[in-house]
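One chain follows as structure tokens, the form predicted alone.
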Amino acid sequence: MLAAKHFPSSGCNSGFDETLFQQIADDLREKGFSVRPAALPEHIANALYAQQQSLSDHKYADAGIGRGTNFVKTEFVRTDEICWITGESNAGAQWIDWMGQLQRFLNQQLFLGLFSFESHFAHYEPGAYYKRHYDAFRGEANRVLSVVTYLNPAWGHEEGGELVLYRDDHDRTGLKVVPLFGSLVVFLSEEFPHEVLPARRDRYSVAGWFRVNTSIGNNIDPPR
């Protein structure tokens, strides 16, 4: 998937679990995706969970597809609702800082040129779904890596809501990931079609994307 390039640690990143970040980098290099159960630090997972549970209904917006003038809401594709994370809350700031550390580590290890990160809370009511799709299309040079973490305490396998990650357009089986609390999924946005299956209870997560810099002139990408 990615060229095998490895660099020794500089020893300056003591604020994160370097073993975990190295495992993610190795997974991306070898497979293009990484699934790490209970990988999100517990204090960040708990803070994000508390914030998401405190969000009032008016903070959420119906999710859609596309961005800018191409944004469209369509229940045929997805029926979840989202709330963007700005970093203004303590929980959001901790999450964005941790993602920034991962960004720097992966850039050092894999030369991905990751430039910015955006993310949102996602809430799926019972029966809600997100049908099979890509997070980015080849040649658009926007989203490079997709990240998902789950905020569902005591989730049972029988409750559904799995993320299904497919190898390619021909794969009809896929890899199912149960949305267990604190689990982390990272994958190449252009490479893997995926979907979210309906769940039997409310399903909570954070979805995010690392982007490359496609700014032209004074037009900042991503838009601010």
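Start at 1 and count along the sequence shown; that's the residue number. What you are looking at is a predicted structure, and each value in this text was computed from that prediction instead of being measured.
Although it is not shown, the form predicted in complex with a small molecule is what the next lines describe.
Exactly one of the stretches 190-198, 23-31, 167-175, 36-44 approaches the small molecule in the predicted bound form with heavy atoms within 4.5 Å, and it is 190-198. Residue contact check for Leu102: none of its heavy atoms lie within 4.5 Å of the small molecule in the predicted bound form. Though the partner is left out of this view, Phe117 does not reach within 4.5 Å of the small molecule in the predicted bound form, counting heavy atoms only. When the small molecule is considered in the predicted bound form, Cys83 lies well away from it, no heavy atom lying within 4.5 Å. The small molecule in the predicted bound form is not approached by Tyr129, whose heavy atoms all lie more than 4.5 angstroms from it.
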